[in-house]
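So this first bit is one chain, no partners, the form predicted alone, shown in structure tokens.
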Amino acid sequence: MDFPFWIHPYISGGQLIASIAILHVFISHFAVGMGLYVVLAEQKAVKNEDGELLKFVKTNSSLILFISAILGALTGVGIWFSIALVSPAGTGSLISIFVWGWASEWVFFVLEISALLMYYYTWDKISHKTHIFIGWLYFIGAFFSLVIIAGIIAFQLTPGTWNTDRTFWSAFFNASYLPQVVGRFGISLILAAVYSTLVLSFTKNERVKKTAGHFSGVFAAAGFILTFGGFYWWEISLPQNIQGLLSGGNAILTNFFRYASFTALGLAIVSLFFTFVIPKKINIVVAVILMVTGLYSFGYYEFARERARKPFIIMDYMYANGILKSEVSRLNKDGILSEADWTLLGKPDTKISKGRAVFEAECVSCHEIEGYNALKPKVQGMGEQDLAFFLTMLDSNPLMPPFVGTETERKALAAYINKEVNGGS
């Protein structure tokens, strides 16, 4: 296991990653859907010689430039920075397994950003035909970025035969890959439709509001069909044990999965009603409600998907704390501190210090004593011996990895937790 760079008493690694990743995932999907939205809307406006609709499309393209090229790029770098801090072992493995996938994704990312800049800055300066062609290049770059990243994200939950043959293609084309592509493309269309209502809310021309509202409604309807279809396909593509966790086997997972479905259904009803039936009534309040609902719905799904692969970063290969499943037997014999000796640097040679070192090596990536996913409410009142016994059966919880290390290390960890939680000596 590698040295973890992020150990903070109040902000956990999961919180650090989530605070950046949720925003970035939202932006990146928006960029894909909006890429298709503006290029098709521009084609429609040019075909109908509708100058007012063309102005509406141009305003949307400025929204893409700000959200995708600026916020998207900043949060994208932030994700790499945060995951490398919190889980260098997991990040290193994903880079190693998908090195050519990442390289290909960077090519499409460069195409996406270059085409977006050209698309925005060449409005009214080149022919419509050439301008629309550049718009298609932007969409192609954004779409294939999604196609590649979806394979890597899906792999973490359903690595399938990669665990035996270790080939790139079996890792990429895993069981939940295509359902993820379909579902995520559907989400990108929904987000494009939802965000277009923000521009619509400032549009005074009622004819444009009606035309563009209906256009957004078509996008939203197609997005909801793909999203609900894709994620039903995704659910049934998962192993039976994970399906069981999502459908009642784990209260938190089940609730978040249901929240994602219910908020998506609510978003579908409200957005389709406003865009198809009363587009002229779309105002800033409606637009903000739709965007916030979309953020919550997508956030709930991403949380459920991430939690479903616990206790692993890569299912059946690497635990969330960076320990390889194949190394558990050796570390139980040699001790976790034989690998994570950095946790003892600068600390006195005491039982409590060793317990804290084991805590930093095995627990801190997911738990704090107090705060996020805190240990205190879970074990408060348990004595040192009870805690030591409790640690022997951690993996009786399907979302927890086993304790890894020697009996001496397990007792030291129990003593440290007892001291921090109960004030024991």
Partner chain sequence: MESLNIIPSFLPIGISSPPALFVFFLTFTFFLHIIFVNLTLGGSLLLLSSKYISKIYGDNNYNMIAEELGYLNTFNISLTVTTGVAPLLFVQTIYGNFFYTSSFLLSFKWLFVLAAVIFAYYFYYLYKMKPLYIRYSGGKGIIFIVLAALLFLYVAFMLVSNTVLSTHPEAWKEVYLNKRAFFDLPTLLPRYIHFVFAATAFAGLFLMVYSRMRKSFSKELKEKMYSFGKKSFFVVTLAQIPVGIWLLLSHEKEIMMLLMGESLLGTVSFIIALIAAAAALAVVLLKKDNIYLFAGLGVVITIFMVLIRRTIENGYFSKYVNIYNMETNPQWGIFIIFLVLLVAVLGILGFTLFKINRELKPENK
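Keep in mind the model is a prediction, meaning the values are calculated, not measured. Residue numbers count along the first chain shown, from 1.
Note that the form predicted together with its partner chain isn't included here; everything after this is about it.
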query	finding
Contact residue in the predicted complex, chosen from 166, 214, 207, 351 - any heavy atom within 4.5 Å of its partner chain	166
One residue of 232, 262, 81, 273 in contact with its partner chain, assessed in the predicted complex (non-hydrogen atom, 4.5 angstroms)	81
Among 179 to 187, 117 to 125, 234 to 242, 297 to 305, the region lying within 4.5 Å of its partner chain in the predicted complex by heavy atom distance	117 to 125
Contact label in the predicted complex: residue 319 to its partner chain, heavy atom within 4.5 Å	no
is_contact(residue 341, its partner chain) in the predicted complex, heavy atom dist at most 4.5 Å	yes
Partner contact for residue 415 in the predicted complex: its partner chain, 4.5 angstroms, heavy atom	no
Its partner chain contact at residue 18 in the predicted complex, heavy atom, 4.5 Å	no
Site test, 218, 228 and 382 vs its partner chain in the predicted complex, non-hydrogen atom cutoff 4.5 Å	no
Members of 52 to 81 lying within 4.5 angstroms of its partner chain, judged by heavy atom, in the predicted complex	65, 66, 67, 69, 70, 71, 73, 74, 77, 78, 80, 81
